[in-house]
Every structure is written in structure tokens, then in C-alpha cells.
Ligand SMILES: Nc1ncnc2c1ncn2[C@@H]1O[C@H](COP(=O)(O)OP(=O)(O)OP(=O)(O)O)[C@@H](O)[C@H]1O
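Given as C-alpha cells, the chain that follows is alone and in the form predicted on its own.
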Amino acid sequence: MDVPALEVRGAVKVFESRPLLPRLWPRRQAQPAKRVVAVDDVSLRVERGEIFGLLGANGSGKSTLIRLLSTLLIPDAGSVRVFGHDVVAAEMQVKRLINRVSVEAAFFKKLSPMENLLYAARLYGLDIATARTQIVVILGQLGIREQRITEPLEKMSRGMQQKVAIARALLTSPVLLLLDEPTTGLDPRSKREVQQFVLDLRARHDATVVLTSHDMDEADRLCDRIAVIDRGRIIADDTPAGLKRLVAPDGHASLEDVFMKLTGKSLTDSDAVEDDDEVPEPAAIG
């Protein structure tokens, strides 16, 4: 059997944060630590070449799971493997195979897209002359005209900046691309261009994509399979058509209908526990 692009077995991630006030005012009664199980015994398998969707409301654990896949967090239990490489034991090998685009990408805003992307190319040890040519091609495929490539990023729209973030990820030709809400904030045309580029990337480069999204139509259009995560657990994993049959035997349902039925909430709702994007990273835990 072929090695899957991604294999997660019983992954668990727990955050525990302690209030800082007792340290500043020792006479005050210490509050108990807040414990959040962000990822709770998650198992999934993504085959090479798949576009795999992950749907969950705010606080469901999806962003924490993406961080586990991208080596930014270490699982407290279970394992995560990328093309057979354990993300903890073989971190550097995994980093060479993946790249990640988050909803809030960091840049040097005073620099241009070309300068930002050339900086990234140097970090990855890419040939600069080749990278310069690739940057023009990739940005052009994402709808950014060549004359805008040398403008400061701070003068560009949020949607334009997100396209540059996607270009930065694609510059390294990852075999596993992690897209964490990549089209959030984009106008309809830009969103469609990014979606088409993801499909073209899979077709041309045999890339595997894991996508989180708040856009049901986007997930339906792009994904071969979709997992629904709720309170840190995977509660469904099937093709879009298979998920729709959970609601209507004839399949005449929307993914929003499916999500509401399985979780009792919409994608814009927040879990009562906490938004996993707001849970502190390990370095910030007191």
C-alpha cells in the first residue's frame, strides 16, 4: 500500500494556562488553571493528490490541528506523519515537504511582493535567478500584474496580500500544502482565482492540499473529502456527496445543512470553551 500524504493517529493537544495575577498580587487567591482540550483523539488519513477539507466552527480545534500538521505544535499524545515522516522525530524532513498559508500572513509591509518572496527564497536556499522568474509566473497566475510586483505591500489590499502569501507557499513547491482559510477576506473574483489555482496546482504538480474554510461552497467545489471537527473531535469524514446523504438520502442538501445537523451550529458560531486561535502557544503558557 502506498504511503499516505498525511496520517494522524489518536492526536491530542491540550493547552493549560494559569492566571498571572497571583504572581503580581500574592495575597489574592490563586485561580485554577484553565485546561482546554483543543484536539481530542483525532485520527485521519489523506492520500497523495487529495484535496482534503476540514470544516469546523470557531474554537472547534481545526487551527490547532493545522499547527500540529505543520510542526508548529507538538502533539501531547498520538502521532502525525507526513509521507511517512513523524513530525516530531523527523521535523526537518517534514518541513521540506510542507508549506502553510494562514488567514493572517506576516510580511515586511514596506517591501514589495518581489522583495518579500526573494527573501523567502533565500531562506529556503532556492536559486535566486530561478526564483525571480517563478515569482513573476506564480503571481501572474494569481492575477497580480507584473507592474505591481515592485509596489510596497502596505499599499496593497488585504486580498492582494493574501495572494502573495499563497505565492510564497507555492514558491517552495511543497508536496503537502496546508491552507488555513486562505480565501478569507478576498473579493469574489480573487477568491475564484485562488480556488482555480489550487485545482491547477494539484493537476500540474501532484500536490496534496489540506484546506480549512468557512466557505461551504468553496469546500464543496474544491475538496475530494471533508472532515467535520467539533470540540476537538472528528465527527464525520466523507466525500461532499456522502456527507450530503447524511441529511437527505437523495443528496439534495447543502454542506451547510450537513454541518448544522452534525454540530447544531453554523460555521460562524464559537464553541463555548474557547476559540482555539486564542489559546496561547506553548511559549506563552504560564
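Residue numbers run from 1 along the displayed sequence. The shown structure was predicted, so the numbers you read here are calculated from the model rather than taken from an experiment.
What comes next is about the form predicted in complex with the ligand, which is not displayed.
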item	value
Heavy atom within 4.5 Å of the ligand in the predicted bound form - residue from 255, 57, 223, 227	57
Touches the ligand in the predicted bound form: residue 214 (any heavy atom, 4.5 Å)	yes
Non-hydrogen atom contact residue 38 with the ligand in the predicted bound form at 4.5 angstroms	yes
In the predicted bound form, residue 70 touching the ligand (heavy atom, 4.5 Å)	no
Distance check, residue 61 to the ligand in the predicted bound form, heavy atom within 4.5 Å	yes
Answer range among 61 to 69, 247 to 255, 42 to 50, 233 to 241 for contact with the ligand, defined in the predicted bound form as heavy atoms within 4.5 Å	61 to 69
The ligand in the predicted bound form - contacting residues of 154 to 183, heavy atom within 4.5 Å	181
